[in-house]
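Single chain ahead, written as structure tokens, the form predicted alone.
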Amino acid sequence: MRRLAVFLASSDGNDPAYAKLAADVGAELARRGIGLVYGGGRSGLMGVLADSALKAGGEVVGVMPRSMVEREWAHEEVTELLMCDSMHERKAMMAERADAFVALPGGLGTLEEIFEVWSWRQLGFHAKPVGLLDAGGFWTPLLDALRGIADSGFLPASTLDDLAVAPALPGLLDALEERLRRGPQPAHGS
């Protein structure tokens, strides 16, 4: 895996553990030589992640719509800042540059981004693995809801099983690498 797209909050959240997690992820990606692709922001967990990766000598690629750059939301010190015209284009550019996708703690935008790339994988539009870093059980309520959706027949069990989930980054990276070696899952409807 050369580059990992990470979706996460542009705010800090209400627990300092979230910022520590983002900092640890950035440093570990840099240590492993895995480039970071992210939304390009300088605030919240996004900024912590990018700063940590940069401080550790890592490659950081930010992707942000011009309108957000004009509002001075962009992290100006990233290795490469790519500008686009829309959020749709932002996600496509991030997906193009990444070998896998992970969600850290975040809100509506994080959910939207990770669900979109996961559904693209399910439908066979790409074969890149998708995962949730479930540190401190942050994603456990969502995973419980997804199991309920699968039990109701609206999410194939194979799609749910294909989602890499781990409480710590090393285990999650191992799971993503395993899915990269395994190749694409069969496409399913939703």
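Note that residue numbering follows the sequence shown and begins at 1. None of these values were measured; they are calculated from a predicted model.
The same protein has a further form, the form predicted in complex with a small molecule, not shown here; the description that follows concerns it.
Residues within 4.5 angstroms of the small molecule in the model of the complex, judged by any non-hydrogen atom, belong to 41-49 and to none of the other stretches in 41-49, 23-31, 126-134, 152-160. For the candidate spot formed by Met68, Arg90 and Gly107, every residue has a non-hydrogen atom within 4.5 angstroms of the small molecule in the model of the complex. In the model of the complex, the small molecule stays beyond 4.5 Å of every heavy atom belonging to Val60.
Taking the partner from the other structure, the small molecule in the model of the complex has no heavy atom within 4.5 Å of any heavy atom of Trp118. Using a 4.5 angstroms limit between non-hydrogen atoms, Leu8 touches the small molecule in the model of the complex.
Under a 4.5 angstroms non-hydrogen atom cutoff, the small molecule in the model of the complex lacks Leu36 among its neighbouring residues.
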